[in-house]
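One chain is shown next in structure tokens, namely the form predicted alone.
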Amino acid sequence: MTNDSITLSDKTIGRLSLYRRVLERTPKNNKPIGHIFSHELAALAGFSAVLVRRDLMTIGFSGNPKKGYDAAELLDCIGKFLDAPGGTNVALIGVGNLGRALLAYFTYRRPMLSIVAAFDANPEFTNRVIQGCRCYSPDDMERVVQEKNIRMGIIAVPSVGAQDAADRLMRLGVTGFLNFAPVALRVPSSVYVNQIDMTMELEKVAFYARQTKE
């Protein structure tokens, strides 16, 4: 079974990513995990064991009733499912406070998913290496995106420049965006956008936090 033959929801993809992160960060008795049961993984990830088993069955991975899941094999299976062969190169648009924070957080965390170029119109940032990533002028975007085979973009610019940045990247073959700008991007159905609206998320947390006290 390959990921090309499976259609999964955003939530399922998100849970698979979380399972991988949990397995990578959870030693057992100060040693790498050998095997883990579905209820153990569920407790660590915050889901039910039934949901964990269903997700792993969907990608064709099964465990041993007596031993549980082989953690190394499970990590490899999730990696093969989530990661593109050879990895995915990412462009960051905007090297302001948010952009630099994203670079600091993400650099070297995922060898198969790399921010290989950043773009900013501010000459203070161009032609510099920031958190291990070279920053270019937007005038160099066509050349750099093609040279580095970039297929994903992170939009971290103000709303006024977000659509233009996305349009330029789409013309160069970029088909996926993580958008931090507080504006909805207009894209064709063949392009995937994950919108991160931090103000909305904070307002949701504030609302539910208030409910628990009333």
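The first residue of the shown sequence is 1; numbering continues from there. Given the structure is predicted, the values throughout are model-derived calculations rather than measurements.
FYI, the form predicted together with the DNA isn't displayed, but the following is about it.
In short, of 151 to 159, 59 to 67, 169 to 177, 182 to 190 it is 59 to 67 that has heavy atoms within 4.5 Å of the DNA in the predicted bound form. Leu44 falls outside the set of residues with a heavy atom inside 4.5 Å of the DNA in the predicted bound form.
The DNA is not drawn, but in the predicted bound form it has no heavy atom within 4.5 Å of Lys204. A residue is said to contact a partner when one of its heavy atoms sits within 4.5 Å of a partner heavy atom; Ser48 meets this definition for the DNA in the predicted bound form.
When contacts are judged by a 4.5 Å heavy atom cut-off, Arg15 counts as touching the DNA in the predicted bound form.
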